[in-house]
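Only one chain is included here, represented as structure tokens and corresponding to the form predicted alone.
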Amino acid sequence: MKRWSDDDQYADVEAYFSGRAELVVSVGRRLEPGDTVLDLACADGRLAEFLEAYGIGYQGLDTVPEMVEQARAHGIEAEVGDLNDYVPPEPVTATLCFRAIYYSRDRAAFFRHVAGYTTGKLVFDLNPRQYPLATIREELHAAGFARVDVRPLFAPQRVNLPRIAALALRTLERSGPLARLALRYRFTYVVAASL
């Protein structure tokens, strides 16, 4: 079995990354087999194998050379670079930025930069207590993203929930007002901004 750098960071690696891959594919404009993604702040590229199950091509970028080396050791195409400046050699269908949007020096400029090489959508997670969703929507629209879809994400990273509790959280994610109330205190959104 392959050893990944962050194995100890997740209570249920399979559930966490398969769930994240499903969100990348389905929220906003749906990704199709043959589409490509650029994963900014990819760490060791763990998400690649879960997206490849959908037929999605993957390339990663991270500022930490050791992470990029680990990704490459797993056969993942990855480069060292800064998400604020990097431009891939070819446009990508989707750009991903999980647990890293706060690395942008100027968020509005970052959104414009990503729109310049992305043909489909930008997908990222967002803590609405840190960044107001209305402000993010305005910045995305100003950068040229015509459609912004959001989905609450209540899946825990470090806690392995009993099946019934995990099902209850997934149900709560789709509950509208209750989900928005929960997001005032905890959890994040997955945002998909489509061009």
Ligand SMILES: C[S@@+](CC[C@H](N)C(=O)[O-])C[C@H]1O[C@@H](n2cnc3c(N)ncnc32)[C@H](O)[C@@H]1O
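The shown structure was predicted, so the numbers you read here are calculated from the model rather than taken from an experiment. In case it trips you up, residue 1 is the first one in the sequence shown, and so on.
Missing here is the form predicted in complex with this ligand; even so, the following discussion is about that form.
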| item | value |
| --- | --- |
| Location of this ligand contact in the predicted bound form, chosen stretch of 145-153, 27-35, 129-137, 41-49 [non-hydrogen atom, 4.5 Å] | 41-49 |
| 4.5 angstroms heavy atom contact with this ligand in the predicted bound form for residue 59 | no |
| Residue 90 within 4.5 Å of this ligand in the predicted bound form, heavy atoms | no |
| Distance check, residue 84 to this ligand in the predicted bound form, heavy atom within 4.5 Å | yes |
| Residue 17, heavy atom within 4.5 angstroms of this ligand in the predicted bound form | yes |
